[in-house]
Structure formats: C-alpha cells, structure tokens
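First, one chain by itself: the form predicted on its own, in structure tokens.
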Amino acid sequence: MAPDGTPDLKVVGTRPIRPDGVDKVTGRAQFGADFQLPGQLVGKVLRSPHAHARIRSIDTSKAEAIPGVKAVMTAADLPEITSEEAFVGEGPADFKDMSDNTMARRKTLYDGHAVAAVAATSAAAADAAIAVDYEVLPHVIDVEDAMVEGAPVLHDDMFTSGLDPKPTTPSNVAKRMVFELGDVDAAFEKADIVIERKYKTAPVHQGYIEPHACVAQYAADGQVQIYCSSQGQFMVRAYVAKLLGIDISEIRVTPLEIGGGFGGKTLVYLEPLAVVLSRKSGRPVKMAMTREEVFRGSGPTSGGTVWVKIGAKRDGTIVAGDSVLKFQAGAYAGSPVGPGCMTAFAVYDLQDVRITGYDVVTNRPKVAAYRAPGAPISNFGVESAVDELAHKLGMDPVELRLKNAAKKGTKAAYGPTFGDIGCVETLEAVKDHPNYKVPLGPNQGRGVAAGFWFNIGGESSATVNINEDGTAVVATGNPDIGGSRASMAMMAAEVLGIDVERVRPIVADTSSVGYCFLTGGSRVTFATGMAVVEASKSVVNELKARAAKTWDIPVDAVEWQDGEAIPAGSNAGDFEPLSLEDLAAKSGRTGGPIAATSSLNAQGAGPGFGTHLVDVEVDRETGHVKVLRYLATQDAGRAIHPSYVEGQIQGGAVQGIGWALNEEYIYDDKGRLENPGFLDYRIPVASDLPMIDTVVIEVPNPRHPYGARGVGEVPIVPPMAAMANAIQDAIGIRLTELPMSPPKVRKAVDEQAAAEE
C-alpha cells in the first residue's frame, strides 16, 4: 500500500507511449477531411452575408440546371420541429433552434448563417449560384446593447424565463437565473473593505486545427451511415435522427480521428445537410468547412460582462460575494451562463454569496462549449477583484486566497458540499515553487489566480474482449481528444494484471458498443474509465471461473494476481498458475469466448481546482505583453497517465493566455466578421510562450476506483485573471476588458501618462 492508503499500482501512474501516436505522426490516421467513399459528391453551403435579414425568397432553379449539380436543399427540406429541450450534447439545447441554426428557415440571424446547400460532382459545380432575396434588418452585436429597451429583437416568441411575473413582451434576454447562499446584503454590512468592479470579455473560438467535416450515405433501404469528426458519435446520431425525423436505429455513426474540439464539436452543423443531400442525390456526400466557415458558421464561446462586488474584513476574511453575469448566447438561447454562475466564487469558502446570470441572444453564431464553458469568464471578474482586494488589504495574493480557500466541508453556492478536494494544496504548491521567488525587473509583474470546474460523469459503456492469444481489446464510445485511449488501456491492464502494450483500445461506432455520452466536461477518464474497470473486473471473474473449471475446484478458491489465476491457498490444491494467455488459449474448451460489457451512469465526479502563477514583462512603447514564466498547479485526483495530465494543463493554460492577450471576434458596422482566419484571429504559437511548468497534486477522488478526477477543464479557467493581475503588477494599470492586446495596453499606458501630467 502507498502512504496515503491507496493500493500499489503497476500501470496506473506510468507513462506508456500513446497507442494512437504512430498512426498520427506517420499520417495513417484518418480525419474527417481524409475519408472518402466511392462515387461521393462534394457538398457546399451557401451562407448569409447579413447579420440579420428576413429571407424573402430562395431561387435554386439556376443551380439545379448546372451540369454536375445532383441535389440542392434549403430549410424546406427539413421537417418543422417544435420547441423541445435536448440534453444529448454538452449542456441544454433546443431542437427547434438547432434545426434553424443548421439551415435558416425564415430569417438569417448572423453573418455566416446557412441558407442553402448543394451537392455536385466537383467543388466548382457545388459553388453554383443560388439567388436569395433578403430584407436586411437592424442587428445587435454587444450583449448589453441587446438587453436595452428598443434593441432589435431576434425572436418574436422569446420571453425571459426566470422572472415573476413572466414578461409579456419579447426580448433578447432568454433567461435569468440566481444562485444564492446566506444573506448577502446583510453580510456586506459587516465588511470593512468592499471592491466593486465591472469586467468584459470577448467571444473567442475554440481554435481547433481540423475544420468540421463529414461523409454521409443514405442507402436505398433508408439506412444512414455517417463518418465524421465530432466529440460524440451518439450525439451526432441522436441529433440527426431528431432533426430529420429518422429512427435512431436507422443511423450508424463512425467516429473518425478528431483534430481538436475543446467543446466546439458537440453540435451538428454539416451532418444533417449531408444526409439530406445524399438522400436527394442517391450518392454519398462529403462536406468540409473552410477555415472561414468555421469562424463564421460554428460556435465560439460566449463573450460577456461580469459585475463583481466583494466584501472583506481587515484581516482578509471575505464575508460576502455578489456577481451579475451577462453572457452572449449568439443567435439562439443557450449560453454557458449557468456554469459561469456555478463556478464564479467556488474556490472560496463563503457563507454569503449571490450570483445572477442572464442568457442573452445577439446576432452572432450560436455559441458552443469551450473547455469549462462559462467558468473562465466569471473567473476573470472574480479573481481580478480578489487581486484588487489583496492590494487594498496589503496582503500577499496567495495568502489571501489560502485564508479563504474552499476545503472539505465547504458548501458551494450552487448546492453541493465539497468532500475531499485539493484547492488549498494547489495554492500551497504555488507558494512553494521556485517561480514564486524569482526577482522581477522593471515593467515586470507577477499574477496569480485560482480556478474551479465541477466535472461531470454520465452514461458510459465499455466492452472488454480477450483474444485467443491473451491480448485484450477495450472498446468504448468516446472519441479520444485528451488521451482516453491510453487511460482506458491502462486501467484495463491494471485490473487484468498484464502489460498495457497487450491491451488495444478502440473507439467504436454507434452500432458496435453501448451508449456513451459525449467526450466533454472532463468526464471520460472518470466515467467511461469506471465502465472499463467494471468490465475488466467481470473478465477477471470469468477467468477465475475458467481456472476453477480447469482445476475442478470452487471458484472462490481461485485468486487473480499479476495476470494469473492461482489457488487461493494450500487447501485449494497444488496447481501451477494459469496465465491469461493460457486461459484464453483454452477458452473454447472451457465455455467459449471471454468478454464482458459494462454500462453505467457514473456519479460522484470529483470537482477540480487549480492555481496559476504567471510572470510577464510589458513593453510600454508597443503595448506588447511577454510571458516570462508560467506555472500551473492542479489537483488531478490520481494521474492515470501523468504526461497526458501535464499536457492537458499546459494546453489549457496556452488557450487561456490567447484568450487574455489576443483573441476576439471583430465585426464591422454591418455585423460582418472581419477576421475569420488564423492570420487575423491570432492564437498563441510556440514563439509566444515559455515552457509551461506544471505541478500535479493528487488528492484521490473516492468515487473512482483509482482516484481520478477530470483534468481538461480546470486549466483554462485561471489564466485570464492571472494575466490581468500580472499586468497590473507590472505597470500599475488594472485592465478590465479582454483581450489585453497591444493597442489596448498602449492606450491604457498613454491614459496613465496623461493623468500623471
């Protein structure tokens, strides 16, 4: 046993080579754009050039007359769908909105909204001209502008929910929600110091390198086959079935490799269109977005405004927190304002806290999830305000956070009381790290921020098959976007007692494995891992039964150790051990193939905490912010594959740095996106960054057999606030709006200089 009481493990916690690595580095792996079927057509989408317009008419006759054009579709080819809540993707959605977002029906609601699609024998023919008569309408881009009286209303049937009495006038505010604990107003009366500030963030894209792509084939007997890049093949199956009125049993979805998702591939955009075009043409249809289409037509995450009020005693005890979040949902309701509210103050042990959230539609693409959706936005506000509080109190910012940190027994504003968590440990790891003690030079500053994500479990299935040579195949239904192939194989190998190289993990299609909720919310290693462990245990029980049958002794007289069946003791008899390979070879004579399946709805996902520390240097002449050092500490529960955990932490930190310094959607006065590509939408590259130092804390999650917690969401939560806090420390200027790009930093420096004259 280990010092913390956990069992000694031989595979979990090691760093084997990733099982999908060779295929990817040699180019053998098939991504969405690589896949082809014989006789396939090319599908293209016509998109609206207007932010808000009524569709008067669509004339497809000229396109249909072009040689090579085999099918043309509009929203008229999709069934009318009534409003119905859907929870198959990552977070709530509405099927009617999803259908309208897939193909505009009466109005286009953003620049890039799909209005028609063509399938043809060549890309040139697929670019066929379709005449659309638009009536351009007033539009609104900013979230607060969308909330004011007199703003252009996107949906005549949208009435704000969460208000009493319910409004009778339509507005752009889809929902109001409140999370509250204690008596906040009374608690502020006890505060010696109160900080009250407003912050703003811009919508940013997930920035995955692989654009959306799929191939669909509608067979003569009504069977549908879809090959696509997504974060959930079962999600694609369910959404396509609902949007097109097809039975789920008629659809088979095969997941291809995924070149990044980060939450942005938890919706369908092309798949329903490709199926309709295939049905109309009688041939397979391949569709792939260009980079411009990805930006104009698929979901970024929300931008928003965050009002924060924090009260504290002079000794640093935070007595009250209050926040109002206003999140852009894009053209249809469903921003991640709920998770933003849930996570806002969750790193602190507060008895009196209130968070109010507003879900607001604007003339932008419908938002999609992005790593810890909603949490980075609210965290930017709260952790910036906490840093200002530390300055006013004259306290070290880490010490202030340690004094108020959430711990076992803390009740969160959104409901649960935390069990074993590692918030304090992540803060202490920062304090003890060499980076915290490095001397700083002129125009250099140090910033810290803590972050939280609740993590999720959910439905998962796994099948473990033992091959005739004693190797194993682990089949699950979750696309691998963060190392889950490796973690599944490792947990199976741990239970089976064999080398991980003898376990082959595969991501199966929807007809070959039981239902799995999508890959998102940092759920796969926790939830699907539990299914793998349970299936592997069932296999071990069967192996013991086969050994008992071979030896003609009771099954409870057999033990399984290090990949072998052995007698439980001297009373059981004197038999040579039977290895998994031995038992597999004899399986035909002892009962047939050895396999097991487990399906479960995993509960008890351990919440995750992390603390980030960054040193920056600000060039006052250009406004450029250089990242000198970056440290991310995080509680992983138990790192199944430490290299993957470190990679997840580093990747989240890099994306957060980009969100903080450069990334934003820029629209002109007509609501058209001006920077739909990586040349003008700037994400960090290697030369922008130092090495990201990581410290992995392990406070085991008791609900997982190996103590794992989700790790993919937490690391994107603290970076923006940490960066803002470091810039303030460097030049004495508090920037409250993202991105903190060179023009904005230079403007703030100039305003500071003018104020000092």
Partner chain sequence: MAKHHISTTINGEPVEFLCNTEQTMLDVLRDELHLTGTKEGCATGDCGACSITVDGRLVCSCLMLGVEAEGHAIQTIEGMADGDQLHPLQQKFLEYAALQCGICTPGFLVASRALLERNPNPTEEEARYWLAGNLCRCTGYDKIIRAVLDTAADMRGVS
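The shown structure was predicted, so the numbers you read here are calculated from the model rather than taken from an experiment. Residue numbers count along the first chain shown, from 1.
In what follows, reference is made to the form predicted in complex with the partner chain, a form of this protein that is not presented.
From the list 30 to 38, 63 to 71, 50 to 58, 728 to 736, the contact stretch for the partner chain in the predicted bound form under a 4.5 Å heavy atom rule is 30 to 38. Checking Q650, S587, N465, T121 against the partner chain in the predicted bound form, a heavy atom within 4.5 Å turns up for just one residue: Q650. Note on the partner interface in the predicted bound form: the residue among G591, P577, P170, G260 having a heavy atom within 4.5 angstroms of the partner chain is G260. Among residues of the shown chain, G21 is one whose heavy atoms approach the partner chain to within 4.5 Å in the predicted bound form. When contacts are judged by a 4.5 Å heavy atom cut-off, S643 counts as touching the partner chain in the predicted bound form. The shortest heavy atom separation between F159 and the partner chain in the predicted bound form exceeds 4.5 Å. Under a 4.5 angstroms non-hydrogen atom cutoff, the partner chain in the predicted bound form lacks A151 among its neighbouring residues. Contact annotation for 189 to 221: residues with any non-hydrogen atom within 4.5 angstroms of the partner chain in the predicted bound form are H205, Q206, G207, Y208, I209, E210, P211, listed in sequence order.
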